[in-house]
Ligand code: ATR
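Just the one chain here, the form predicted alone, laid out as structure tokens.
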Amino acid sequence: MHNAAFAELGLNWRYLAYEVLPENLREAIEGAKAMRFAGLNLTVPHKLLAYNMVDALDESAKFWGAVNTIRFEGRKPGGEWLPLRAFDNDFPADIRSHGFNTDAEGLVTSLEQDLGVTLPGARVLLLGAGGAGRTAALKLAECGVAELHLVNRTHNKAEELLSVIKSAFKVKTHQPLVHVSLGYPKTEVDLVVNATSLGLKPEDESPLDDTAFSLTQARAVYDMIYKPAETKLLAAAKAAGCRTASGLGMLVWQGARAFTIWTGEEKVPVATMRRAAEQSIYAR
């Protein structure tokens, strides 16, 4: 999708994929810096590891506690750090890696664009409290959801996330801005979000315990998984009459934000990126 966007904008750039073992991640980042890459994307399991490996952290990465985008920057004689694209071929001697997180913004944009969900005041059931769940929970709380119900197979991990949210979002009265609870709600919700990896494989069970929560209690269901295009959870949600969307939109929108971070281009051809992603992932 990035190469399609580069081509449409006439940019002489190229996006390449590399497999890197976790134990080699630091060397890979330093190698890309030495080769003067414009930047990198990182996926699971590198997002949490890279947090402690980059030279500088954007506020987005600091808050969400993970790095999925890196921009390499050079220092000018006056001390100002600029993206390497600003130096043409006269590269500076002092180069650093700057970590960002575009996942949270990509999720919210996809929820709004693909599902038509209005997040302020919404009641949300979030499945999963791992890296993706943490980012989703904090972003949803920041957007002003009224209720956030956390469910995770490991209960103490959900408890840890609850504490993180409560400490991150407090008003002057020291009360959380969002009502956070553990376990399935008894009432209806506006949105169910799957932030687990359950659904990636055909033999996976559903991430939702339908003995504890019925999809008829939900208006919309979002699955961060984008391959397959329709997981068991989304198929069941459709059958229950819910609006549904996969994580393809999140993939595209977080990518669009990364595109801007690297290139400086504000008018990103998102539709072109989405078509390219669909063709690649679903062979359409």
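The structure displayed is predicted, hence computed values, not measured ones. Quick note: we count residues from 1 along the sequence shown, nothing fancier.
Although not depicted, the form predicted together with the ligand is the subject of the following passage.
- Checking Leu111, Ile165, Ala132, Val193 for any heavy atom within 4.5 Å of the ligand in the model of the complex turns up a single hit: Ala132.
- Site annotation in the model of the complex: the residue of Ala122, Cys143, Leu115, Leu198 reaching within 4.5 Å of the ligand with a heavy atom is Leu198.
- Of the stretches 103-111, 209-217, 185-193, 153-161, only 153-161 has residues with a heavy atom within 4.5 Å of the ligand in the model of the complex.
- Although the partner is absent from this view, Gly99 stays clear of the ligand in the model of the complex, with no non-hydrogen atom inside 4.5 angstroms.
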